[in-house]
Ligand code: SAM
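One chain comes next, on its own, written as structure tokens: the form predicted on its own.
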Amino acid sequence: MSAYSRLEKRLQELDHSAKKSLGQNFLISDIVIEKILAAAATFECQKIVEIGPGCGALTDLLIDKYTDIKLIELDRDLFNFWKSQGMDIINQDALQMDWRPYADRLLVSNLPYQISSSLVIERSLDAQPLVGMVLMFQKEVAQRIRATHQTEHYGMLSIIAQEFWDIQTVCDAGPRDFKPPPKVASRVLLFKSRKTNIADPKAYLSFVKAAFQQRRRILKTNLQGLDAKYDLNRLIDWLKQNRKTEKVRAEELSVIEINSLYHFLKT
């Protein structure tokens, strides 16, 4: 049965309609679903966690491939449905829950767009990271995640995501691949946890936030608000060593350079 047919059948059974407040756009493209499942299979991880199973576009097929699946669903009606099917599910906001018990799992999700950026940043800060992630984003957010320095989409999200993950593009999805169709295009990304020399991810996030707090301001000005943990007197030395002018902006520095600057200024 096609994803579209499965959705129509389940919506009718549940007398359910998509809730805009929860960002519900149900995936109906069999091609996109197949590509997501193929990307997930590359991890060879048998433990899955899915945010927003919804009406089961991914979940129905994950059940066929994996025996250990945990679901996170904020919609109470859909939570009750999956609970009645015997699934291991919690009715909770994915941004408010404790993710430590899920560290040995692969996260697979057609994410609600309104939580996608925050979720990537929060999972990047985990002391013990997930095995990996295969996630659907609004295309513009996916572009920001993978952007390189000196491009319009590059910023804090790009740096944090690329510091803690190796990221690949899986596929794109258009509005007609969903019901109801969103007003934007979508993109699926694959995340594999990577080694990093950042010992305190939360401190690093604060540093990167400071560097980008006013995008058009020069880096030197943005960093003035940092606390005593950083020796800003050393900034000029770092700029000279890396052949940067004092007028350089954070958006002109690569992920590797931001990392280097962070460690250089730490006291």
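From 1 onward, residues are counted along the sequence shown. Just so it is clear, the structure is predicted and the values come from calculations on it, not from any experiment.
There is also a form predicted together with the ligand; it is not shown, and the following applies to it.
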property	result
Partner contact for residue 142 in the predicted complex: the ligand, 4.5 angstroms, heavy atom	no
Residue 168 within 4.5 Å of the ligand in the predicted complex, heavy atoms	no
Non-hydrogen atom contact residue 155 with the ligand in the predicted complex at 4.5 angstroms	no
4.5 Å heavy atom contact, residue 52 and the ligand in the predicted complex	yes
Residues 206, 226 and 261 all lining the ligand in the predicted complex, heavy atom within 4.5 Å	no
One stretch from 185-193, 112-120, 126-134, 157-165 that, in the predicted complex, holds residues within 4.5 Å of the ligand by heavy atom	112-120
In the predicted complex, the residue from 235, 39, 27, 69 that sits within 4.5 Å of the ligand by heavy atoms	27
Sequence-ordered list of residues in 68-86 near the ligand in the predicted complex, where near means a heavy atom within 4.5 Å	72, 73, 74, 75, 78
